[in-house]
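Only one chain is given next, in structure tokens, and it is the form predicted alone.
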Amino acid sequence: MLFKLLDKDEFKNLVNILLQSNEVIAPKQVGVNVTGKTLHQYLPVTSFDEIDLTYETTQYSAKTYFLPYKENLSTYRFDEKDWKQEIRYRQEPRVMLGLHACDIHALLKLDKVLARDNFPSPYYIARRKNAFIIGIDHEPCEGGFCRSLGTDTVNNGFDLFLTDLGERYFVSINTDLGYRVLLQVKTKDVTEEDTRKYLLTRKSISDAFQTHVNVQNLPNLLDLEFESKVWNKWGQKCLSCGSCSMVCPTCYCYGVTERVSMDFKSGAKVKQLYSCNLVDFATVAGGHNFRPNRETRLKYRYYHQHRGFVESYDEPKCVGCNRCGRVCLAEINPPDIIRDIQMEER
């Protein structure tokens, strides 16, 4: 990996260059909550002044732009005895600016599922291949435990990654495209003093984490505690609203429906993200629901995150952003559940 220094004025020039011929998605303040804390979203921007790179986190992750909540897989029209189908993939370039390391890790995990060799999703791949990703370091967010999962730093999955050193950024260059884009502005070589400041900044960020979760041997522990009363305790609190899945940067479960016009002349095949916590998620043909209880659905969500995904891909699906914990009206969050499982007396 190559490293360069980029003055903040030059970074602004770089963003303005990218805005000229690309859709740019960046963190943007959208309001404040009841305590006066700022709220941010990844949204399209048209000027550098709209961007807030000092944001703590966003309510929704960058997944929204790679795996939208709802999309048409195909549309079709009937013409007498014939029919025509149209399938579209996004091909326009898009810049994703200001992604935190955990959100980049989330995309890498989605890649394992949706961009794999067997049965890949062309819709996801089209968006992923046409995205230029610029990440940035940040102070830990409220309740975030990404350091415990090793997702507070990232070595791939981006084109450029920034670390704020005050008047300039320490830039990690991960792709040829990132290198070519950076040639459009003035950069400086990294000195020993710059390296020292970078390492001190990284240490400061790591030391600032307040939430720590021990995930060692967690898959085996989950197998041992499959019938644990912990699931009843937390499951009784769950409202089965599905909010956790909607804000999760790695949840990808979905359903597909056919929508046909009233005149039977046109239709569409529509894909929509779904949640394993919703009451009808496990309902099959004939009406049988093999996960009718809230505690069972909650348990299987955690087993997918920290057991099933590990078995398939040698890593948990969770990236430790704790968006699910912050959005949950019942105050259910992964650190508390995992600690309860680990501390249960048998």
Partner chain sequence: MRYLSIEPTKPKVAVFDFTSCEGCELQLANKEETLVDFLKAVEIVNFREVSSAKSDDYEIAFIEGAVSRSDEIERLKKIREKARVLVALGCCACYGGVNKLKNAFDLSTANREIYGNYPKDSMPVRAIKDVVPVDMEIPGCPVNKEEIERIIQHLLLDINYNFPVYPVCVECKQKFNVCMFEKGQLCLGPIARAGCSAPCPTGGLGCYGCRGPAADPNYDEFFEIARRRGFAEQEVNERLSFFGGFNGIAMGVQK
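Residue numbers count along the first chain shown, from 1. None of the values given here were measured: they were computed from a predicted structure.
What comes next is about the form predicted in complex with its partner chain, which is not displayed.
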At 4.5 Å between heavy atoms, only one of the stretches 150-158, 137-145, 259-267, 208-216 reaches its partner chain in the predicted bound form; which one is it?
259-267
Pick from E80, D189, E192, E167: which has a non-hydrogen atom within 4.5 Å of its partner chain in the predicted bound form?
E80
Report yes if any heavy atom of D52 sits within 4.5 Å of a heavy atom of its partner chain in the predicted bound form; otherwise report no.
no
Examine S47 and determine whether its closest non-hydrogen atom to its partner chain in the predicted bound form is within 4.5 angstroms.
no
Taking heavy atoms and a 4.5 Å cut-off, does Y198 contact its partner chain in the predicted bound form?
no
Heavy atoms within 4.5 Å of its partner chain in the predicted bound form: does T57 have any?
no
In sequence order, the residues of 10-47 that place a heavy atom within 4.5 Å of its partner chain in the predicted bound form are V30, N33, V34, L39, Q41
